[in-house]
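Okay, so we've got a single protein chain in two different forms coming up as structure tokens, structure 1 first and structure 2 after it.
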Structure 1
Amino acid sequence: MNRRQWFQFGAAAIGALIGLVLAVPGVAYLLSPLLKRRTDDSDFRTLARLGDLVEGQPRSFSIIEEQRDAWVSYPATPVGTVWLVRQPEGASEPVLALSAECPHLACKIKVSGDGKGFLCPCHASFFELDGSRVNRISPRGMDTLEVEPIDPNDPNAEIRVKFHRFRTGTEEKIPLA
């Protein structure tokens, strides 16, 4: 190997090393969404304790979570609301969880003026306290949410709800991805 070849080899080696140093962070950045450990967004969330609810009086709770796309995390913001209704003793479930999003057009459902049901203010859909519909404006009753089993005799029992959003405008309850 003569001197000219030695410099060519050295320049190529240094160029390859610089290219490698620049490529590693770039490849890591592009692959980072695949390498991140994903949390299951459909986990149960603690919303209240059983003693916080009064039988037959619905109470709303906001669902707050961080939004994340492939490379960006956004600060925690409200993504939905859940109505919790404590059921009378002897009911199959001590607490009923209902989505506050109207199945008609996704307006936020509120408690009716007399407190004995729910009302969607956008198109006057009425619902009973169990989420069943009173009139035929909404295509289905309010969407029930899964509640983790709790001891109905323990006032400190945490009420944990699995929050989901559902497709609106359909008679079937179809979860959104």
Structure 2
Amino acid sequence: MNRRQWFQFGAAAIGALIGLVLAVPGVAYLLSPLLKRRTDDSDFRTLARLGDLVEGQPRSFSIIEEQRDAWVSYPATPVGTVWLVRQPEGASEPVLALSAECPHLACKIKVSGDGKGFLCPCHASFFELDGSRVNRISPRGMDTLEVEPIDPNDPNAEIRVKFHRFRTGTEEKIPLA
């Protein structure tokens, strides 16, 4: 190696090293949101009593939770909405819980004008009362949420639901960690 080559090699090596020392923490820093896993601490929470629901008339309930937005903790505020649908007598589950978050692009789903189904106002996705798709705008039907088993004959039975979010725009229902 002559003097010139030596300098060339050295300059390149040091330059690369400098770049690396800056790039590694820089990239890690920018990607921190990816590396942070939130533990699934969601729990069943009571939303209503069985007697509050009438068959064929979905009702919406707010999920109220303390929220942490980066460094700020907000006191309990609504973080999501759940539609509860009373099922006909004899169904395996007396209550169906559907997340109001649209699986298309996460707008908020409401009951359609005639009350016979659900409608997402953003891009006009229609869903049946059981959450299945009417048109093919949303990639999948409304997301069902887990409901704690209850006694269908006790109008005072508490309906307890586990709230969760799912990735939008996918055919599959993928929980967000």
Partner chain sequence: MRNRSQFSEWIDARTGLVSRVSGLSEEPVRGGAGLRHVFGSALAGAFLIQLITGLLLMTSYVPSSSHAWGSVWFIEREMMLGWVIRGLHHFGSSAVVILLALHLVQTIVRASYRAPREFNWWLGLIMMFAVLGLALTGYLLPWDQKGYWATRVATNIAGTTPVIGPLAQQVLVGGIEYGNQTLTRLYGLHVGVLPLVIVLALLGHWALARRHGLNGKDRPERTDTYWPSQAFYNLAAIGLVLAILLGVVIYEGGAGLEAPADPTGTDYPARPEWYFLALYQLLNEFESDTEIIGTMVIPGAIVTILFLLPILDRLFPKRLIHFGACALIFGVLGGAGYLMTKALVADWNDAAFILARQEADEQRDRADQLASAHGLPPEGAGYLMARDPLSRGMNLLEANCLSCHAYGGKVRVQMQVAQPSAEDLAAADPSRFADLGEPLSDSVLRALAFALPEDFDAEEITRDASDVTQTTVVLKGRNAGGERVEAELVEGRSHVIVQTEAIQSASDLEGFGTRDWIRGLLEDPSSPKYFGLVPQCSGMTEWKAESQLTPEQLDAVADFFVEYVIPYREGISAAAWELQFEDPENQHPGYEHYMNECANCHFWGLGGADGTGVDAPNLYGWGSDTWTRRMIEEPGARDLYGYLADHEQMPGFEGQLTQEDLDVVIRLLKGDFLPLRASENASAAEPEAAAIAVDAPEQTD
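All values derive from a computational prediction rather than experimental measurement. Along the sequence of structure 1, residues get numbers from 1 upward. By rigid core we mean the largest C-alpha set that fits within 1.5 Å across both forms.
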task: Determine, for this pair of isolated chain forms, which one is the form predicted in complex with its partner chain.
output: 2
- prompt: Would you say residue 155 moves its Cα by 2 Å or more between structure 1 and structure 2, aligning on the core?
  reply: no
- prompt: Honestly, after the rigid core fit, is residue 15 moving at least 2 Å at Cα between structure 1 and structure 2?
  reply: yes
statement: Taking the rigid core as reference, the Cα of residue 73 travels between structure 1 and structure 2 a distance in Å of 2.9
